[in-house]
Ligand code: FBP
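Take a look at this one chain, the form predicted on its own, written out in structure tokens.
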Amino acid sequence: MKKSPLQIARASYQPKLPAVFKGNVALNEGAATQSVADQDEIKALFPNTYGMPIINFTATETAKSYPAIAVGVILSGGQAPGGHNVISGLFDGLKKLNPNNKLYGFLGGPSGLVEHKYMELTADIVDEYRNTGGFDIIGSGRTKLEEVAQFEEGEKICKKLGIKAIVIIGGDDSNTNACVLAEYYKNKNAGIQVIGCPKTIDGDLKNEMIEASFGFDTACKVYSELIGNIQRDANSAKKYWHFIRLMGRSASHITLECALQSQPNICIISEEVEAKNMTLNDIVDEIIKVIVNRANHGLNFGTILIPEGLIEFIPAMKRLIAELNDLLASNGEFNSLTTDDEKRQYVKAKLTEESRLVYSDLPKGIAKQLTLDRDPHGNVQVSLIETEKMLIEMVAKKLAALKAQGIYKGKFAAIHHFFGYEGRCAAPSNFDTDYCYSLGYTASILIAENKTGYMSSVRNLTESADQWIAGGVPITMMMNMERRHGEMKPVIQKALVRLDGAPFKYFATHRVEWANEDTSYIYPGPIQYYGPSEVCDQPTHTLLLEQGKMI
């Protein structure tokens, strides 16, 4: 296979590890833990894995010997840069503990465990994927591990291959499934451990013990480069407004981080919209204020960052979507209608008065998108809703009215963008390369020490890698009860952008300056793998601000 010069060079990069892994490792266990909420319910559902202590690894001079075992690994959910390095770190850690250890990869995600599709990951195979982006070493999938029949099939293949532990690399839902699986196998003494690893570019799997999910750093650097390039073009041509939608359905971490890196003229944060009970028209009016003010200073250009999940954070839109989800669930009458106009009139007739008004004000294209097929959870597929086009259309309409009144004297020309898949499989940054490798290596120690129901944890991430703190955090510690499909279920609590947090406060302090000046843009440039540490190895601005560091 022909490789690029960068691929060849990156293959020889040796990821950095916490200093604790240079010698023998001991486990330091803290006090008993409890879930973030709904303690009684979570404890009742996870009696065997609830309340376990946080684990930190420490150095020891006492050498240990470990019996040879086999381990299975699963890539679950959407791709995130660094997944291959989690597997590389896991592989190297297992081989260091005992050269006879084996690692099996289940193919195509969790379904590979259930359907008994797997391959042994040998040194030759793993070496081909070190420090590369993507999940193509074994593939990923979105099958949920929720049913006893699935657990039993998983146990069968593990017994056949002699697998003593499964590592699930995934986001909040995947790690929730890991916790359920760990509890099931522990309850029946199946002899199968389950360890999770925190993955998601969205950045919403984080807490005191998980400072960052892997892939977030790389994805934000990729998007910020593109935003910077667009801003350079905008500042050169001086004639376009760029509306840029960024991935992040359930939280605005990516949008906020990219704003901190590039300093756009406008950045919408979904969590703030919800907290202020803003309407769609309120958002449009805020955008128009900036556009009109810049036009008054001869600046008919700019950049606007929009989180993918914005539409579900607008309270009135959220209520409309909830009504549509209920209305369109298995609705044969609606599905039998043939024209868009018939469907639109049908929906309007069925909605409450408040939602009908909101629906009627939407551009027809967006209203249609809201009635498209639902995802497997019965929810609207927000990634298909072109929010940036909706805002352009609404802004243009209001600006035309202001121009007719003589209030707006500028020129409005807009270009829309959506940055999503461009960032999910990028070659990982040095930070993610090292972080992911450390997460995998940490998982190997947790397995060797017979731990289950834990998530691999590496902290102190704003310091150099040798000062990182490795260990494990009980997955039950992150859980609460939420309504899913009409039932209360245990899930890992999503981390939203905190409006009282340092990253948002920094943004809020500077956004007026960024809105009105034409010299505030930052051009981050591409990810750098070679050069001074301040260029190549820096973590995200979000992480630096959260830990009281300057950006």
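For clarity, every value in this text was computed on a predicted model and none was experimentally measured. The first residue of the sequence shown is number 1, and the count goes up from there.
Omitted here: the form predicted in complex with the named molecule. The next part is about that form.
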Exercise for the section: With heavy atoms only and a cut-off of 4.5 Å, decide whether residue 117 touches the named molecule in the predicted bound form. Expected result: no
Practice task
May I ask you to state whether residue 478 is within 4.5 Å of the named molecule in the predicted bound form, using heavy atom distances?
Solution key: no
Practice task
Mark residue 424 yes when one of its heavy atoms lies within 4.5 Å of a heavy atom of the named molecule in the predicted bound form, and no otherwise.
Solution key: yes
Practice task
Give a yes/no on whether residue 248 approaches the named molecule to within 4.5 Å in the predicted bound form, heavy atoms considered.
Solution key: yes
Problem - Contact residue in the predicted bound form, from 78, 302, 112, 471 (heavy atom within 4.5 Å of the named molecule) - result: 78
Completion exercise
The one option of 403, 344, 96, 142 with any heavy atom within 4.5 Å of the named molecule in the predicted bound form is 142
Fill in the blank from the handout: Of 198-206, 263-271, 318-326, 430-438, the segment with heavy atoms within 4.5 Å of the named molecule in the predicted bound form is residues 198-206
Practice task
Let me know which residues along 299-317 have a heavy atom within 4.5 Å of the named molecule in the predicted bound form, or say none if there are none.
Solution key: 308
